[in-house]
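A single chain, nothing else alongside it, follows as structure tokens in the form predicted on its own.
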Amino acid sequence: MDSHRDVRMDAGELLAFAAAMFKAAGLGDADAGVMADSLVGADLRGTHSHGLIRLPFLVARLRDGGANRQARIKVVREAPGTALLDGDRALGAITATRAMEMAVAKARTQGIGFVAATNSDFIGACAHYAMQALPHDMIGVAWTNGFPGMAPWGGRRNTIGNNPIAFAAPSGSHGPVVLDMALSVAAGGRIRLAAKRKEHIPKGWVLGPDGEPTDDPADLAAGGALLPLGYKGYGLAVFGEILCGVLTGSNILGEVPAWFTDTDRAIGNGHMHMAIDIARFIEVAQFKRRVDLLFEMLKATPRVPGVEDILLPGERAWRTHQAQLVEGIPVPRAVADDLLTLADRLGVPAPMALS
């Protein structure tokens, strides 16, 4: 067997396999499906740093008690256009999905819905939740705080989260416009994936435990720090703490434990979700035509040598999603081996193609 060979898997088969693993770890059918959809959805879009590579860590949170297998999410405060949810330590994707569904429902009656959550957990790729607004002809926003894996601007140690944020808007004849970005130069999951593949990373992404730039992705887990996306990324990360942490009464900065190592501890972070009903501002068909025009105008920009196309946010991910629905999702051999080990431990039959 080639230890470096990716395994290409059908998305539906991976969904069923991931859901079975979450069920074996103690989740009910519906919540297991939500979790599987969040991970496989990330892989489908090519965001493998937030896909199935995360599954063993999330199962560990359930089995070690850091996350609640039978969580009962409840509304703490509510008004016509807003709500605050208590996630009851559910895995973050479960609470985030519920929050975005509520935001969409509120936007349908109020024009805008803003739903935040506290007592939550790692939510994964923010785009997954922002895109929940798209089938309803709405614009979606999702933002979360989390473990302080990033150094502040000018700092040498990790004292703030990279606090990712995502926006999603529909178009007419193109795919959706989706911006999903960590506020560090590179997302922590991307660094961990490089470590799993034993690849080097560019200097300028991570500081080692000694506070110096490094090209070894393993230095992040050894006590290093992500570097912020300049002072602007750091400034946005601060507001991520304010809107997702302070506003919701959640943990902030060093109060948030590392979800991927402290699997027996509650995370207690917060996140916010917003849906905007396009029809309250402009006719939906006109909005989509204008977004299409925006595509065309930007793509008409003269390009620098070596650039074949001007891409809009989310365009590459949309193409990847469409292609991988047909061709299957590539799972790195190292990730496949981790999944096989976990499946054996949980007593879940693994797909033959993964072996």
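The term rigid core refers to the maximal set of C-alpha atoms that superpose within 1.5 Å between the two forms. Start at 1 with the first residue shown and count on from there. Fair warning: this is a prediction, and the values are worked out from it, not measured in the lab.
The same protein also exists as the form predicted in complex with another copy of the chain; that form is not shown, yet it is the one meant from here on.
Against another copy of the chain in the model of the complex, the set 247, 298 and 302 is in full contact: each member has a heavy atom within 4.5 Å. Between the options 116, 131, 226, 125, the residue in contact with another copy of the chain in the model of the complex by a heavy atom within 4.5 angstroms is 116. The listed set 94, 100, 139, 220 contains one residue whose heavy atoms approach another copy of the chain in the model of the complex to within 4.5 Å, identified as 139. Interface residue remark: residue 313 is counted as part of the site for another copy of the chain in the model of the complex, having a heavy atom within 4.5 Å. The closest heavy atom approach of residue 81 to another copy of the chain in the model of the complex falls within 4.5 Å. Contact between residue 258 and another copy of the chain in the model of the complex is not found at the 4.5 Å heavy atom cutoff. Proximity of residue 291 to another copy of the chain in the model of the complex: non-hydrogen atoms within 4.5 Å are present. Contact with another copy of the chain in the model of the complex, judged as any non-hydrogen atom within 4.5 angstroms, is confined among 67-75, 86-94, 195-203, 250-258 to 250-258. Taking another copy of the chain as it sits in the model of the complex, the stretch 263-288 comes within 4.5 angstroms of it through a non-hydrogen atom at 274, 276, 278, 279, 280, 281, 282, 283, 287. Superposition of the core reveals a Cα shift of less than 2 Å for residue 240 between this form and the one not shown. Annotation: Cα of residue 148 displaced by less than 2 Å between this form and the one not shown, core superposition. If you fit the rigid core between this form and the one not shown, you'll see the Cα of residue 267 move by less than 2 angstroms.
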